[in-house]
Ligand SMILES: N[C@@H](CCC(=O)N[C@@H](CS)C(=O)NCC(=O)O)C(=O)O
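A single chain, nothing else alongside it, follows as structure tokens in the form predicted on its own.
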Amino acid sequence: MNDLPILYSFRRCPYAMRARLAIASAEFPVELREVLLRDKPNELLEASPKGTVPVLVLADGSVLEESRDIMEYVLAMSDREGLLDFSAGDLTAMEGLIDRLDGPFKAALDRYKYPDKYAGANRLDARAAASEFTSELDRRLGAGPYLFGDRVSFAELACWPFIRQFAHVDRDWFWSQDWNNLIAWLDAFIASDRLKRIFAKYPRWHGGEAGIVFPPDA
């Protein structure tokens, strides 16, 4: 296992989830080290002092600290599902969509889920702001089962964990909204083997021990 890239991850973090989704799609084996963010191991902080996950440490010692960078790296190695096999126009649109997810939507989601952490945050205002993005996704999904047509794309893997997180803040409210396309898309992901595969519970990693090979059947 010593020659495998090392992935520091936390099961419920949506950024780490989308990195694991890409790694599983690519069948790109890594040594998974599941950590607790409230008790970060020194090895994680040495690799990435900012102390967030995911972090991918490659065999040559180089470090990828952003989930999108990790996704793009592993899919460049092996894009088995053709997640990036789209037209140049679609790829540009995907980048813009994910930029809005990672920017305004994520800011609103944080203030909706954790309003006490942000001075002046209003939970309902934040939910309304986040809903502008989910409404956009619902409209886009009206043209097909996936965000960019009839098959899964890079955008799905980038968006699913965050829309799932948004939905679970107030499940009754979310599933009562008139977002039939979006809800069907999210329900399919939640019930999928894809989510089950990356959401398995692993023991916490402690320094000085081996991690776990991920994907589990790689």
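Model, not experiment: these values are computed from the prediction. Numbers follow the displayed sequence, beginning with 1.
The next section is about a form of this same protein that is not shown, the form predicted together with the named molecule.
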Exercise for the section: Although the named molecule is absent from this view, report whether Asn181 comes within 4.5 Å of it in the predicted bound form, heavy atoms only. Expected result: no
Exercise for the section: Give a yes/no on whether Thr52 approaches the named molecule to within 4.5 Å in the predicted bound form, heavy atoms considered. Expected result: yes
Practice task
Answer yes if any heavy atom of Arg164 is within 4.5 Å of a heavy atom of the named molecule in the predicted bound form; otherwise answer no.
Solution key: no
Problem - Ala24 within 4.5 Å of the named molecule in the predicted bound form, heavy atoms - result: no
Practice task
Could you spot which one of Val169, Val63, Ile190, Leu37 gets a heavy atom to within 4.5 Å of the named molecule in the predicted bound form?
Solution key: Leu37
Practice task
Choose from 65-73, 182-190, 169-177, 151-159 the stretch whose residues reach within 4.5 Å of the named molecule in the predicted bound form, heavy atoms counted.
Solution key: 65-73
